[in-house]
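The chain below stands alone and is given in structure tokens; this is the form predicted on its own.
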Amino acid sequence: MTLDVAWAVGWVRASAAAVLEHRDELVELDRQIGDGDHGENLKRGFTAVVAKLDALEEPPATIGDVLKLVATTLMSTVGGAAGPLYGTAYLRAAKAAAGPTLDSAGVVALLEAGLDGIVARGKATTGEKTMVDAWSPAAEAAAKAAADGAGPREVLRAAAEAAARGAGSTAPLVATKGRASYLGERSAGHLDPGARSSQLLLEAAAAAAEPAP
């Protein structure tokens, strides 16, 4: 089994739906330790991505084409730190997924490239209460699943489950990066909104790979 362009388009649409559904939650998480605009920014960005997808005269030829469209749109429509961070993640992922299909190793490469983009842009590492705390365990779990012989669907499922645990692990952390770091010890006790949105996006990737009911 491999993942194809239809999966990538499905991932984008599932991401937009998840962001819309959790918009208020993300706003509230960001209000507690940030400037409160994360949910609205992502909603605006993914709404614009879906509009561009719908307006294409020709369907995307490769998975990379889909992810590049996401990257450029998020960079131009999402404010704050999230736009450049996610934009760089999707742009790096697009380069790693340049063909029409992905096997398990390709999924791992996509996730690792996305993580590398976030790290390069944000200069963050794990334990600093950022989206890296969701992406890093997701990439590690994906690599382990692929090494154990799992197919792309199972690899994405392992990544999504690890991202959820990673996002949850940010609650007790004291932020040392980004706006939340201004709060010092008072940032502890809250989920990081970027890690939570990363969880939602990676869960959307896994859901898009599941067979239609």
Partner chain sequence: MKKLINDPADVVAETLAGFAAAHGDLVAVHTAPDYVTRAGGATSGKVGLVSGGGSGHEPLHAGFVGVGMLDAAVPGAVFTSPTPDQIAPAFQAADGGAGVLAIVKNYTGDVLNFETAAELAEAEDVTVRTVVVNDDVAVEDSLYTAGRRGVAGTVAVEKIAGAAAERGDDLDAVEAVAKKVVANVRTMGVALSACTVPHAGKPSFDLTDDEIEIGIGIHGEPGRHRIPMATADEITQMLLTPVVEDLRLQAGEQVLLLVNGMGGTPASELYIVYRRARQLLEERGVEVTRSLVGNYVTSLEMQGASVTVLRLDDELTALWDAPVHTTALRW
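Numbering follows the first chain given and starts at 1. The model shown is predicted, which means the values in this text are computed figures rather than measured ones.
Beyond the structure shown, there is the form predicted together with the partner chain, which is absent from this document and is the topic of what follows.
Among 24-32, 148-156, 161-169, 61-69, which stretch has residues whose heavy atoms lie within 4.5 Å of the partner chain in the model of the complex? Contact criterion met by 24-32 only.
The unique member of Leu85, Val107, Val132, Ala93 whose heavy atoms fall within 4.5 Å of the partner chain in the model of the complex: So the residue touching the partner chain in the model of the complex, by this definition, is Leu85.
Using a 4.5 Å cut on heavy atoms, which of Leu102, Ala143, Leu115, Ala81 is close to the partner chain in the model of the complex? It is Ala81.
Please state whether every one of the three residues Gly36, Glu40 and Ala175 places a non-hydrogen atom within 4.5 angstroms of the partner chain in the model of the complex. Heavy-atom distance to the partner chain in the model of the complex: all three under 4.5 Å.
Check Ala188 for me: does it contact the partner chain in the model of the complex (non-hydrogen atoms, 4.5 angstroms)? The answer is no: Ala188 has no heavy atom within 4.5 Å of the partner chain.
Hey, in the model of the complex, does Ala98 get a heavy atom within 4.5 angstroms of the partner chain? Answer no; every heavy atom of Ala98 is more than 4.5 Å from the partner chain in the model of the complex.
I'd like to know whether Thr47 contacts the partner chain in the model of the complex, with contact meaning heavy atoms within 4.5 angstroms. So Thr47 does not count as contacting the partner chain.
Any non-hydrogen atom of Leu183 within 4.5 angstroms of the partner chain in the model of the complex: Leu183: yes, in contact with the partner chain in the model of the complex.
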